Each structure stands twice: as C-alpha cells, then as structure tokens.
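Just the one chain here, laid out as structure tokens, in the form predicted alone.
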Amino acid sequence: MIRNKAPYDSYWIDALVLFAVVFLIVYVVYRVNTVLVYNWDWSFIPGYLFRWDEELQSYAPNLLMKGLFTTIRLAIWSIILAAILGFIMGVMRTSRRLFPRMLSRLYVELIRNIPPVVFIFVFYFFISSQITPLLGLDNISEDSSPMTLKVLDFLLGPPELLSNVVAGIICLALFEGAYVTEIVRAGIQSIPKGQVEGGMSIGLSRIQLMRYVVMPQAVQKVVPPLASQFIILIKDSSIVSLISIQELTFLTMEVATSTQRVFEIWVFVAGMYFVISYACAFGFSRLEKRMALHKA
C-alpha cells in the first residue's frame, strides 16, 4: 500500500516559503539601514495615539486614533449604504424589463470606467454643494441637543466635521456600490434555472420567487465576496483624504509633516491597516465556515 506523502511535502513547502519571507524582510531592513543611514526613532508614536487630557484627568485619543475611528466609521457606514444600493441595482440588473437593466448597467459602467480619484473629486464637490445643504448638516451643531450631539459624535465623529464625513460616506458608497451590484447580480444568476422554473410552475410570483427561492441561496454565495469588498473598502477609504476628510491617512500626513519622521509613521500606519484588514478577514472566514456548517 502506497502512503500519500502530499501533506508532509506541503509542510516543507510552507516552511521554505516562510523562511524566504523572513529572509526577504531581514534583507530589506538591512538594506534600509545600510543604504539610507537613517536613525530610526519610534518613541514619538505613542504620543500621537493617546494624549493626556488635563480637563478629564485621563488619556484621550490623539490624531492617529481619531483618524482610525473615522476610517472605521467611513468603512462601516459606506458598506451599509453600498450593500443597500448594490442589492437594489443587482436585482435590477437581473430584471426582465429593459429600463431597470439599462439604468443599473449605466450606473455600473459609469463607476467602473472612471478613475477613483476623478470620481471622488467630481461627486464630492457635487454632494458638498447640493446635497449636504439640503440635509442641514452645516447647522446641526447649533440646532441639536447635547444628547444628539453625543450620539452623532459616537456614530459619525465630531459634529463640526459631519458634512465632510457624510459626503465621504456617500462618495465611497456610490463607488463601492457598483462592485456590490455585480456581486449581487452574479449571486442571483448563479441559482440554477431549474429552481426558478420550478418556482414559477407552482404559481410563485416574481417577488415570492426572489424571497423564497433565489435570495436565500444567493445570500450564502455573495457573503464571501462582500466580505472581501468590505476589506477593500477599508483600504479604499484612504482616497477620501484627498478631499480633506480627517481619516487615518489624512492625519498621518499631518503627523509626518510636523514630526519629519516619514518612515516610522508610515510603516506604523501600514501596520495599523494590516491589523484591521487581517482581523476582518479572520472574522469573515469564521462566519463563512459557520454558514457552511449551517448549510450542511
């Protein structure tokens, strides 16, 4: 009887790959130290994470933590709006009627064929000049009660910067919604036609067919790519730093300018993005496994 040695061989391959990665990191660090002749100083970073508040007599978030919280808020609210918009447009993409299909396709093609930076600038200035005044966000800090301001500060950040944050959320949601649309469309169209025809044969309406047959199966198929899109959105949120929204990348540039410690601060912030993205990927992988077990 011949034993299968593939699992043991894979361990050796993994070990070699890990050794190569560690060697590459050590080599890069060595070259940076020898070529740049740079004096590394990481001692200033904790002070930009938290500061001592004399009024509260406790530590309070400083620039980097404030930027991190803003980035998380942008990602969460943007993916919620993008999921709603993408679900609607994804269903329209699979409609039998021409107008919904053309409208959703126009939206997808428009977003996917415009560079992200150009899209952010165009829609930001349109939203800032047209939509945010209609919502009354500019005067919300003057017209709201203290409790309302506290809730807004927790959910969306400082009220005085609310109009900028909302504009950034809408821009990101519109941009990411196009990709969510295609994910939802692919999930719906992945359902076998026999099940759809079977539902129609027993007299289910279009809405009942989507609710009881198509969507329960499509949701399980779209969760993994939606999770990946959420992780991408966390990294894409750095784009809104170009429109002066004080998220992590924007405040990092301010810290780098004021301290002149460019390498340390950007390496540290890259690590922050990695930790957040990896934690989300790990959480979503656990969710995907749990859904697979529930399906089985």
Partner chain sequence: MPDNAISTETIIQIERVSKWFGDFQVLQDIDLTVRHGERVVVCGPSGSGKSTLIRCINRLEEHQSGRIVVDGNELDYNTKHIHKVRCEVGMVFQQFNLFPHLTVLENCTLGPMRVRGLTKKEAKSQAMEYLERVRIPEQAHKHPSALSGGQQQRVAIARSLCMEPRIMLFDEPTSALDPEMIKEVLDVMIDLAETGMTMICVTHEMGFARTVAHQMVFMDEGRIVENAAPEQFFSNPKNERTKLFLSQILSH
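Since the model is a prediction, treat every value here as computed from it, not as a measurement. Positions refer to the first chain, counted from 1.
What comes next is about the form predicted together with its partner chain, which does not appear here.
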Its partner chain in the model of the complex has a heavy atom of only one listed residue within 4.5 Å, and of 208, 189, 95, 129 that residue is 208
State the residue from 224, 198, 133, 116 whose non-hydrogen atoms include one within 4.5 Å of its partner chain in the model of the complex. 198
Can you pick the stretch from 72-80, 105-113, 169-177, 210-218 whose heavy atoms fall within 4.5 Å of its partner chain in the model of the complex? 210-218
Please run the contact check for residue 146 against its partner chain in the model of the complex: heavy atoms, 4.5 angstroms, yes or no? no
Residue-level question: is residue 204 within 4.5 Å of its partner chain in the model of the complex, judged on heavy atoms? yes
